[in-house]
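Listed next as structure tokens is one chain, alone, in the form predicted on its own.
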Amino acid sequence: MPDRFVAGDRVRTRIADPPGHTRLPRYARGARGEIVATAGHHPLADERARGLGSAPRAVYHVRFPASELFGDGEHAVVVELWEDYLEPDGSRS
């Protein structure tokens, strides 16, 4: 199955607060960012923490304006996120 996103795609992180372990930081939930690059393919840590099997899926480096995550700041923050945490947010830039 091809990766869902490519560099330059605009994405938004999911807002859900799942029970148990998740690698989606609370500060990044619901934030808008841009795919920088694919960071490989790995089993979803959330499923592995629950003892479930997990097929590898795309992990991405996603760049967020600091203001999107923290309310202010002129720099950017790059977060490594599984495809499962991301939704499309507009078109490629």
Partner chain sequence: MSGEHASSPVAAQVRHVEALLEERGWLAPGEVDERIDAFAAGGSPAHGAAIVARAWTDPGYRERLLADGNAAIAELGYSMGGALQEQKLTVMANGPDEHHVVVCTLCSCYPIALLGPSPGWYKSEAYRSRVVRDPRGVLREFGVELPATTRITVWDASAESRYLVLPRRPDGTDGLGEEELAGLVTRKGLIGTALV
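Nothing here was measured: the structure is a model prediction, and the numbers come from that model. Numbering follows the first chain given and starts at 1.
The same protein also has a form predicted in complex with the partner chain, omitted here; what follows describes it.
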query	finding
Contact of residue 61 with the partner chain in the model of the complex (heavy atom, 4.5 Å)	yes
Contact test in the model of the complex: residue 80 vs the partner chain, heavy atoms, 4.5 Å	yes
Proximity of residue 32 to the partner chain in the model of the complex, heavy atoms at 4.5 Å	no
4.5 Å heavy atom contact, residue 23 to the partner chain in the model of the complex	yes
